[in-house]
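Okay, so here's just one chain, in structure tokens, the form predicted on its own.
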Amino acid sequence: MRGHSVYKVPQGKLLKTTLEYDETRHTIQSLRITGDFFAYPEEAIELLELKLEQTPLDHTVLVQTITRLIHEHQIQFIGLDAEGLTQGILRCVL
């Protein structure tokens, strides 16, 4: 299945997500993240898109996984955080 979401992160920026997911396994197959937020290093978004493949579409698992990836890869966001990204991803499956 495919879903799309446009989400205004509270106290943040606009986040656009496009998600292809496995309905049976309820996991991410591919993810595209865009918006008017900033991320450093530049390749951080591509890294997150890749690393989140096969991740379960579960709020707790997504927040924990995204938070871990942010710390492991020293990603800095302006206008976005792990919770906001999780909300944007999950809105694609509503």
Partner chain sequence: MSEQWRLLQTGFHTAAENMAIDRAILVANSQGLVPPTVRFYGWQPPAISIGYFQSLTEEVDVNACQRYGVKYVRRITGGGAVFHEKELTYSIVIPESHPQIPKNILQSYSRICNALIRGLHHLSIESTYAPINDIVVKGKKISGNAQTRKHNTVLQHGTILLDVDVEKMFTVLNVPSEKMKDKLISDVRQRVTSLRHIRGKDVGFDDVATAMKRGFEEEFTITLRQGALTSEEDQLATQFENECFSTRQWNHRR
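Since the structure is predicted, the reported quantities are computational estimates derived from the model, not experimental observations. Residue numbers count along the first chain shown, from 1.
Heads up, the form predicted in complex with its partner chain isn't pictured, but that's what we're talking about next.
Residue contact check for residue 13: one or more of its heavy atoms lie within 4.5 Å of its partner chain in the predicted complex. When contacts are judged by a 4.5 Å heavy atom cut-off, residue 53 does not count as touching its partner chain in the predicted complex.
At a distance threshold of 4.5 angstroms between non-hydrogen atoms, residue 34 is in contact with its partner chain in the predicted complex. Among heavy atoms of residue 76, some come within 4.5 Å of its partner chain in the predicted complex. Shown without its partner, the chain has 32, 33, 34, 35, 36, 37, 38, 39, 40, 42, 43, 45, 46, 49 in segment 20-54 as residues with a non-hydrogen atom within 4.5 angstroms of its partner chain in the predicted complex.
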